[in-house]
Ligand code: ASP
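Form predicted on its own, single chain, as C-alpha cells, below.
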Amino acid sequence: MQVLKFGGTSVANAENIRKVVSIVTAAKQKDKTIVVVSALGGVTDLLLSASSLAAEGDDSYKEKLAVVEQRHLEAVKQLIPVAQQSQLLSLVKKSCNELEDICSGIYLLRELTTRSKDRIASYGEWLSSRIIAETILSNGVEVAWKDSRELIITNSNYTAAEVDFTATAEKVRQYFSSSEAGLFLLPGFISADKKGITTTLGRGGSDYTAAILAACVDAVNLEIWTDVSGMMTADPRLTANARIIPRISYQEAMELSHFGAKVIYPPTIQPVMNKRIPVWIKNTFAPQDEGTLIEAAASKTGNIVRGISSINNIALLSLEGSGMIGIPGFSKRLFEALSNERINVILITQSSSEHSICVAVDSSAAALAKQVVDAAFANEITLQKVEPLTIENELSVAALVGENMKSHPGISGRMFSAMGKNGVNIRAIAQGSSEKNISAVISTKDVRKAINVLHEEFFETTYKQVNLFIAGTGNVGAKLLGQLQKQLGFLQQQMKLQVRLVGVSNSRKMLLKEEGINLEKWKGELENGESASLESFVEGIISRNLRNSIFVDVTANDKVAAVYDKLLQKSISVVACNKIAASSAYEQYKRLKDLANEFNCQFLFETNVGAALPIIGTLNDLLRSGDRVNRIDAVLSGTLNFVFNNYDGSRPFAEVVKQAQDEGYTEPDPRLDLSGTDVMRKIMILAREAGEKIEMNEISNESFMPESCMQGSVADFYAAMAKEEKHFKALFDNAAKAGCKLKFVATFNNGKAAVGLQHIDPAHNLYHLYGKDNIVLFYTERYPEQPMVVKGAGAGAEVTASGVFADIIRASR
C-alpha cells in the first residue's frame, strides 16, 4: 500500500484538482493507494479569519464565509458533470450554513475557544476531500471516502492535538484491512478526541495525517505532492540559485523543516522514520520531475552541507546575573517557567561561565515570556543577583543542516567567516553535539543576504556574485563601464565572478536596479532614472543589503568621499578613484582604514597615486613581507611629465598644457596639477601607506607657477600663462644649459615629504621618463641602493579606469 498527500496549492482550484486526479489514477494502477488532501488553497486562512472577526463583533466575517462557499460551489460546477452536481451542491450549501451558524454564535457571544476554532477549520479539508472524491468517481474510478476523524484519535489539546498512536493504529488497520477498495480518499489535518469531538493536528497537519496513516498500514512509501520539485538547498524566494536536494536523511529533513523549510510539516517525519518508510517530495505541476527522496541513511556524496534554512519572527531572551554562577537549578527554573505557559524554545545557548542563558522563542510569545520569567526570578531580581529578562526582537535564525558536517572540520568557521565578511552580525550561536545543525541568530533584515552568502559559500562552486554601485559616469566612469561590459564573460568563466551593476549615478540622474543594469544599455537606462540624490543613492545601497557589495567612486567630489564611512560600517567595500578621502586629515584617513578592517571589507584607492600602476599595492607588499621604506623618489604627475616632455620652447607653454587637458591627462582644473597640489596629495598618500603620520601642510612645495596664473577662472589661467611665457621659457633654457631635463619630483625621506621642479641629469633614474609616464623609486632596507622601480603610464581615462577595475577585482576576492 502507498500513501499520497496533496497540499493546498495542489488542490487550489478545479484546474489543479484535475492534475491531482490524473496523478492519483496513474498511482492506483501500481498499488493499493491512500490519498490525503488539504483544504483548497487559502480556505483555512479564510475560515480562521472569519472566526476571529466574529469574535471581535465584526460582521464582515460573513463576507469571508461567502467567499468560502462560492469557491467550493465553483469547484463543484467545474469538476462534476451537471447531471451529478445536485447532491454535492446541497452538501456544500448545508456545510456552509452550519459554518455560518457556528460563527453567528461566536459573534453573539464574542468568544472564540480553541475547540470552536478546530470545528470551523475542519470544514476546509472535509469539503475539499468530498469534492475531490466525487470528481474521481465522476471519472469512472472507484474510490472510498473516509472521514479521518473516525480513524485518528487524539487528546483534547485543540489546535495542536497529540495523537494516541495505539488507538489510532488499531482503528486504521481494522478499517483498511477490512475494505476491498483499491483507492481511498481522506481529509488531512482533522482528527477527533475520544469523545468524538473534532480536533486538528496543527497547521500543516495534512502531511502528518498522511505520515500517521503510512506508519499504521506499513506503507511501501509516502509521497508528499506540493508545488515544488522537492526539498531545496535554500528557500528559492530568498536564493535564486537554490537547487533540488536529490536524497536526504530523515534527520536532515527534520532539521530543515524545523528551521523553516515549508515543504514538509516537521512532525511528519517521526512516524515514517520509526518504520523506515521512504518519503518522496513531488511536484503536482511537474510530476515527471524526480523530486527528493527522504530515507534512513544520509547520502555520502554531494555537498557536506545538505541545506540552508531560516526562521523569522524570533525573539532572543537573555537571563543574566552574577548570582547564577555555580548555583544549580537556574536553567531548570527558566525552562519550567516557559514550559508552564507552553512557550516553545527554538534555540538555547549558555556561556561557560554560567553568567547568562539565551533562548530563542517566537516573537509573539516574548512579552508573556518576560512576564513569567521575571515572576519566577522575582526574589533574585530584587536582591540584584539576576537582571530582569531582556528581550531582543526583529531577529531570525539561519541554520546549516547536514549529517556529513560532523566529519568535516572548519564548517562553523566558514559559516561565520562568510557572514562576517558581509557584515552579518551574529547574536547567538547553537550547535548540537551531533553536528547536524549549526544555527546562528541574526537580524531579520540580514536574512536574505545571509542565506545568499551561505548558499554561495557551500553550494555555488560556479561563481561568486559581486554587486557594484558606481558614482560618476564622466570620462573615467564611462571607460570603466565599457571595460566591465567587455570583461563580464571572462570574469565569470575564468575568475568565477558574476559582476552585476546594480546602481549607477552621476550629478543629474541615478538608477538602482536590484536585478542588474544592462551594461550595454546603461546610458539609456540612466537617462530614464530618477533625479540624482547622493543621500538617496547611499540609502538605496544600504537598504538593499546585497552580498559582496562594492561602492565605486569615480568622481572628484568631496560630498561623495564623505559617505565612505557610512558604507564601510555596513561592510560595503569602497573603491575610490577620488583622492579626497585618502588625502584628507590623517585622522579621517586612518578612521576609514580602521573601519574597513573592523567591518571586514575593503577600502582601496590604487588609482589615487598612479592610475593603473600598482604603486600602492607594491608598497603594501613590501611592508607586509617585513621590509621598511627609507626613501621614495617619484614623478607622480602624468600631466606634468607630459607637459615637460613636450615643452621645448618652440611653442607656448600654455598650448602644451591645453594639449594635455584635451587628451584627458589633467584634472578638470589643470591648476591642481600644475600647482603641485595633486602631487602633494599623492606623496602624502604614499607616506601614509608607508606608516608615516603626515598632513598636507607638512609637505613643502616649490611651485614653478607664477602667482598671476593661479587667480580667476580656468580661462583666466590660460590667458595668464600666455603672458608669462618668458618665465616658462627661462625654466626650460636653464635646464637645457645644464644638460638636464625638467621633472616635477616628489620625495619622501626620513619622515619628510617635498615636491618641486628639479633639473634631472642623464645619470639620474628619472631622466629617461617619456610621454605621460610616472615612476616611483622605493629605497628600502632590502633595496638600499638599487631601488624597487614601478614605472608606466600614469594618466589617461583608459588606464585610470583599468586601475579602478583592478581594485574592484581585489575587493571582490
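Residue numbers here begin at 1 and follow the sequence given. Just so you know, these numbers come straight off a predicted model, no measurement behind them.
The same protein has a further form, the form predicted in complex with this ligand, not shown here; the description that follows concerns it.
Novice: Counting non-hydrogen atoms within 4.5 angstroms of this ligand in the predicted complex, say which of Val755, Val35, Ala54, Ala39 makes the cut.
Specialist: Of the listed residues, the single hit is Ala39.
Novice: Could you work out which of Ser637, Ser206, Ser505, Thr607 is the residue within 4.5 angstroms of this ligand in the predicted complex, going by heavy atoms?
Specialist: Of Ser637, Ser206, Ser505, Thr607, the residue with a heavy atom within 4.5 Å of this ligand in the predicted complex is Ser206.
Novice: Please identify, from 196-204, 389-397, 149-157, 577-585, the stretch that has a heavy atom within 4.5 Å of this ligand in the predicted complex.
Specialist: Checking each option against the 4.5 Å cut-off leaves 196-204.
Novice: With the cut-off set at 4.5 Å between non-hydrogen atoms, does Thr44 touch this ligand in the predicted complex?
Specialist: It does: once this ligand is placed as it appears in the predicted complex, Thr44 has a heavy atom within 4.5 Å of it.
Novice: Pull the contact list for 104-130: residues with a heavy atom within 4.5 Å of this ligand in the predicted complex, in sequence order.
Specialist: Heavy-atom contacts within 4.5 Å come from Glu125 alone.
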